[in-house]
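The data below hold one chain only, encoded as structure tokens and taken in the form predicted alone.
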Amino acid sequence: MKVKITSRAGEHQFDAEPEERILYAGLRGGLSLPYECATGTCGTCKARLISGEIEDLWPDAPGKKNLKSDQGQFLMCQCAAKGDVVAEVSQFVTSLRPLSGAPQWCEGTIRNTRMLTADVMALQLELDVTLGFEAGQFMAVEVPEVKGLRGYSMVNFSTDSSVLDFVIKKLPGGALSNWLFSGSRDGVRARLFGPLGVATFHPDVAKNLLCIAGGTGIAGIMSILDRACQTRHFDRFEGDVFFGVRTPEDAFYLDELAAFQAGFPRSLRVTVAFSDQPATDEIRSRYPGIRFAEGFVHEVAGRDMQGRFENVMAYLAGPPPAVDSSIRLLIMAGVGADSIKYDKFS
């Protein structure tokens, strides 16, 4: 099928496979179609159908709540063309030239699932191919047993890897997370699309890094830290990492964060913020290089970063309220929008 997209930057045409989501077909074809979550929750990829017929693959997608269906609006990430289609988007659409290549479909096998906390799991996806991606990007993942795709950020970083590390939280009503937590899933096949996302770090960034993450939002931050440490970014610039969870029992990846910090003890600072309970003496003695604080992560970051917001590139991740609060903090501190990076998952 042929899909034509009209935008303020002109017209673009690409091919779509049967039952392939229009957004994925366009990204695969090298176009900068608008999206954020790419999995049906945010609504950013909305378009207006001009001609042709589409199939809605997830009629109950949360991102549809703000669509004007009577005006032909639909989510490109959840609709497939049933023939030749013409659609309109309000944003600029141009040709993409991603450093790691255009997003593609691939398949893999779930391996090495392990519990990090009572409701957080780590797992690997062993791909059938090698994949290049930027630090901070994510993949849209689906399994045969659960309808729809979910976005998960890579924890690891490699210029070409056949293994992707993910961390997943069990969510109330979360179909895929509840499926993962309900039994052993090692050996199950999965289908992925990506890499996706714009909250990426590249060694050319000549700024101090500020990372604020809540819960499993630390996943993409770990990838950014991995690449920054590999390229010795903190030999020239400073880094501040703020990781927020509720209690010491909810904390994970502290060994890995401590190892990053120990590699650059003078320039990289790691702070873990507990919102509900203070740090225990045991956790303080076990991780002497990590600073522990009380409060919501954006509040702790705001207090600690006073007078130090100049020349920073900020990366935000986690629950939407935490990201929104961090954005407000940064804007009030005078950080420009071009120096604030995040991917919207809901």
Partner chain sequence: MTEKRICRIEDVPSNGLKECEVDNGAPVLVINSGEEYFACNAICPHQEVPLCEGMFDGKVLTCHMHLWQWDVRTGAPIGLAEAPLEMFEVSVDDGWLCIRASNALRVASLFEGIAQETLEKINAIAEERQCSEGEVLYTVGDPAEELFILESGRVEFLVGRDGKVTSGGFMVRKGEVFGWAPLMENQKQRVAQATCKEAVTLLSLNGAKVREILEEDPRSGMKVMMRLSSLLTKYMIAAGTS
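Numbering follows the first chain given and starts at 1. All values derive from a computational prediction rather than experimental measurement.
One more form of this protein exists, namely the form predicted in complex with its partner chain; it is left out here, but the text below deals with it.
- This chain is displayed without its partner chain, yet in the predicted complex the stretch 46-54 from 273-281, 46-54, 305-313, 286-294 comes within 4.5 Å of it by heavy atoms.
- Under a 4.5 angstroms non-hydrogen atom cutoff, its partner chain in the predicted complex lacks residue 61 among its neighbouring residues.
- Heavy atoms of residue 90 reach within 4.5 Å of its partner chain in the predicted complex, making it an interface residue.
- None of the heavy atoms of residue 2 is located within 4.5 Å of its partner chain in the predicted complex.
- Proximity of residue 267 to its partner chain in the predicted complex: non-hydrogen atoms within 4.5 Å are absent; the residue sits far from the partner.
- Contact annotation: of the candidates 130, 95, 112, 182, the single residue with a non-hydrogen atom within 4.5 angstroms of its partner chain in the predicted complex is 95.
- Along 7-34, a non-hydrogen atom within 4.5 Å of its partner chain in the predicted complex is carried by 7, 8, 9, 10, 11, 12, 13, 31, in order along the sequence.
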